[in-house]
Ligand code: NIG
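First comes one chain, alone, set out as structure tokens in the form predicted on its own.
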């Protein structure tokens, strides 16, 4: 049924903003004392001055969800990079890391990605589903209405499929949308009988055809790094998944530069991390349509440099911001706090930071139907208890949404 919501003291539409390049706060469309008319399909029909909306609802006998108090509305946030399907914990890793232990020492002590692989393999599909639901609901409560979820802690055909089944099952039990991404090329598993190239061939022959046949995901990811897959192995993988029709994203330039150029070569939707990107990679990305995704949670978790967001935007790239929520390098899982802190360190305008978690993040997932509060887009809405939108980032994640709507339904 058609209904309306309001009034909002301020409403951020993100209308008419460019996908690429720097943004100034003056470019934001801030509609004062507005309301939202919803269509029966859960999309936005119109944004109207509230008095006009109130009169229209009375005349047409449309249900009006009237709000008491001052609220700022913006599109539901979009977390374009998470690993929230995992078993176990890596608190021991974190304690060793902050005490100054290097990665290799942690791995030798039984930590690292392989630790999460073993714990995820030991978990049942039902247990993983429950964990994804819990984590997705936490994100939703904090205003994130679309969540990308990667595999990558199974590293066998059966265990990677188990993760995809768990993500699919969780998607039926949460109001947020879960977007699955295949990351079987996270590392070469220690128990695989062969090298990286043989493992890539195994995935292309035995895993991805099953994903396609069961329509479990349309996205493929790979971690290109000295500790994971080299460029030769990655190129074979990317050629293979691209030929099957998968959208491509890449864990790129996290510790060493250069793999983001693979993303450009293969016309990836996004390249994620980029903490080690140099002027060469920044300039190349600016000449492409690939969307850089910054992951400040990983920088905070590892105690390393942030993605050079200011340089990327000034060069003319787009920029999405995501949590990288995972059990090892990014255990926080709080998009708003991370984005606010990241914006302060990288000197991002509020428009740039908020765009990075809304419509630019939607583009990083190749989703055209959300991320803006405009006619025809999904009515994914968050309302913050304030009269000034700048306070959303000013309180660095401590100002939480009072209300969240997904497709026009209050969560």
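Numbering follows the first chain given and starts at 1. Computed from a predicted model, the values in this text were never measured in an experiment.
In what follows, reference is made to the form predicted together with N-(iminomethyl)-L-glutamic acid (NIG), a form of this protein that is not presented.
Asker: Answer yes if any heavy atom of residue 266 is within 4.5 Å of a heavy atom of N-(iminomethyl)-L-glutamic acid (NIG) in the predicted bound form; otherwise answer no.
Answerer: Close contact is absent here: in the predicted bound form, residue 266 is far from N-(iminomethyl)-L-glutamic acid (NIG), nothing within 4.5 Å, heavy atoms only.
Asker: Would residue 153 count as touching N-(iminomethyl)-L-glutamic acid (NIG) in the predicted bound form under a 4.5 Å heavy atom rule?
Answerer: Contact with N-(iminomethyl)-L-glutamic acid (NIG), yes.
Asker: Check residue 223 for me: does it contact N-(iminomethyl)-L-glutamic acid (NIG) in the predicted bound form (non-hydrogen atoms, 4.5 angstroms)?
Answerer: Yes, residue 223 lies within 4.5 Å of N-(iminomethyl)-L-glutamic acid (NIG) in the predicted bound form.
Asker: Would you please decide whether residue 179 lies within 4.5 angstroms of N-(iminomethyl)-L-glutamic acid (NIG) in the predicted bound form, comparing each non-hydrogen atom pair?
Answerer: Residue 179: no contact with N-(iminomethyl)-L-glutamic acid (NIG) in the predicted bound form.
Asker: Ok, 103, 165, 192, 306: which has a heavy atom sitting within 4.5 Å of N-(iminomethyl)-L-glutamic acid (NIG) in the predicted bound form?
Answerer: Comparing distances to N-(iminomethyl)-L-glutamic acid (NIG) in the predicted bound form, the residue within 4.5 Å is 103.
Asker: Select from the listed residues 318, 329, 337, 129 the one whose heavy atoms reach within 4.5 Å of N-(iminomethyl)-L-glutamic acid (NIG) in the predicted bound form.
Answerer: Among 318, 329, 337, 129, a heavy atom within 4.5 Å of N-(iminomethyl)-L-glutamic acid (NIG) in the predicted bound form occurs only for 329.
Asker: Just to confirm the contact call: exactly one of 69-77, 192-200, 307-315, 83-91 touches N-(iminomethyl)-L-glutamic acid (NIG) in the predicted bound form at a 4.5 Å heavy atom cutoff, so which is it?
Answerer: Stretch 83-91 is the one.
Asker: Going by heavy atoms, what in 201-218 lies within 4.5 angstroms of N-(iminomethyl)-L-glutamic acid (NIG) in the predicted bound form?
Answerer: Heavy-atom contacts within 4.5 Å come from no residue here.
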